[in-house]
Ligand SMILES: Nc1ncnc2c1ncn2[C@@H]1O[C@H](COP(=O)(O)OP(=O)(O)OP(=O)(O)O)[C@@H](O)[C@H]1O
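Next up is one chain by itself, shown in structure tokens, the form predicted alone.
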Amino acid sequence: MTSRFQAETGIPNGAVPLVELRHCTMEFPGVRALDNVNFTLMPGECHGLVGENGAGKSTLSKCITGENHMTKGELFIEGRKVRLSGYSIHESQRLGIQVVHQEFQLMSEMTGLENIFIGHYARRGGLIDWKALTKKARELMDFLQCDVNLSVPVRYLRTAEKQIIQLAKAVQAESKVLILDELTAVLQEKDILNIFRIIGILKAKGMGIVYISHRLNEIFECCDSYTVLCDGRHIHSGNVRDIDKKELIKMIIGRELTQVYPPMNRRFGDVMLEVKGLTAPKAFRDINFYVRSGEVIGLAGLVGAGKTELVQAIFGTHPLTGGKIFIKGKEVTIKNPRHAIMLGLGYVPDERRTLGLNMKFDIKENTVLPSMSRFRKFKLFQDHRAEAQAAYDINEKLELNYYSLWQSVEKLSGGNQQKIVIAKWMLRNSEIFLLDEPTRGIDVGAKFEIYKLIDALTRQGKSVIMVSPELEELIGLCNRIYILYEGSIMDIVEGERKTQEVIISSLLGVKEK
């Protein structure tokens, strides 16, 4: 039977699926991660795979790539049944399946050029032909319409640039199936639009795209079809144009979100933090803003505008060459993060797994880390019982989904990991929260929990400075938004001017009245 998607895109009735999973079941000790799931990817199709954290999206993609071996079920690649006992990542790559992961799979000490072609180096006379590789890389970057310095170790590159290198690495392999796992979680609006353009080109060449994302707007912008998973079960599949965002959310979380953003707190106190003329070379210059008690202010800007460097500078991890910082009206010189913490600041970084949490620590240890001095006996010994009680109390308050305080944070969902990053600063009783993309890579239900948490902080009189690439999020949560353009504040929007049209214009360097 021809699907509506096939009919509308001109795919022949007899077209063979690039990937087909039948009755896929995946079990780990004590957990059924996938339960009798069916999934089909056609040539020239962008298929959105959505669901809450822990729904089984990544597990399903790993079954396709051979990283996971299904407990039950069948896998077909271009109509041919795969022998699962010998199926591996190497075999899936040979069959034309590539993945761009949410977490970076790059060699940090190697250059961008080396990372793109690793394992596929062109050789001449027994030696690597760097000239040929450089030419091919330049053509690849032109195709992607990206300008990334490929001659330096990738550890020196920005997050978005690293993601572009991962995409380039997958595209150059001339794959038939490309799995994009939260690719845009680290990208800004202009980079996301470029990704959509690239997806269109790849689809036109007959490639199939599995698009995993928590940003539901993207599903409607670039996907032809969708599959919803919940607790490892297949909920529904269909054509994107047949549903709306409200219906999709209901499928994902099993209920309607009557109000995505809580009512904004408008009871403000004194100015808690103010910066004047803040300047850092090659990052930002002459930055002025303030935030009051009970207020959320937003920082918006494209990649390279200086948002992350700005919050890092306030927290003492990025060097300043000029300007002043005032906390509660008193000028301070923040020397390092420890000093910032003592002054009442808490920082939620954009990369929670590498910067916000110690993945080798358990829930309790991560929660109490900034507050350990509070739990000392006789100034020498740690009161571990008091630590555990405090960690339990704060995580119960945040409705953390866990079974033990001694559980590894590595196995928690993204939303629960983010709750712990915020919980540790609440336990510390921080007064000023610096949130750099606090909802990156978490599902719509978990986002709502973070939104409620931010609202609760402001109603306790806390101050919040928030960075986000999602304009809808900034508009829904922030009392005032500062827009950075090439390192300077281009505009300040609030009240009736707080619209996507005004913000987008300023992001592009055009200030509207």
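Here the rigid core means the biggest group of C-alpha atoms that line up within 1.5 Å when the two forms are laid on top of each other. Don't overthink the numbering: it's just position in the shown sequence, from 1. This structure is a prediction, so every number in the text was calculated from the model and none was measured.
Here the subject shifts to the form predicted in complex with this ligand, a form of this protein not shown in this document.
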query	finding
This ligand contact in the predicted bound form: Glu473, any heavy atom under 4.5 Å	no
Partner contact for Gly56 in the predicted bound form: this ligand, 4.5 angstroms, heavy atom	yes
Asp224: touches this ligand in the predicted bound form, heavy atom cutoff 4.5 angstroms	no
Partner proximity in the predicted bound form: Glu182 to this ligand, non-hydrogen atom cutoff 4.5 Å	yes
Interface segment, criterion being heavy atoms within 4.5 Å of this ligand in the predicted bound form, picked from 72-80, 273-281, 406-414, 191-199	406-414
All of Val296, Glu437 and Lys462 within 4.5 Å of this ligand in the predicted bound form, heavy atom check	no
Heavy atom within 4.5 Å of this ligand in the predicted bound form - the one residue of Lys424, Lys169, His214, Lys364 that qualifies	His214
Contact residue in the predicted bound form, chosen from Val444, Ala33, Leu484, Ile481 - any heavy atom within 4.5 Å of this ligand	Ala33
Core-superposed C-alpha of Tyr402 shifting 2 Å or more between this form and the one not shown	yes
Sense of the change in Cα distance from Asn401 to Gly48 in the predicted bound form - at least 3 Å versus the shown form	closer
Inter-Cα distance between Gly414 and Leu167 in the predicted bound form, nearer or further [3 Å or more]	closer
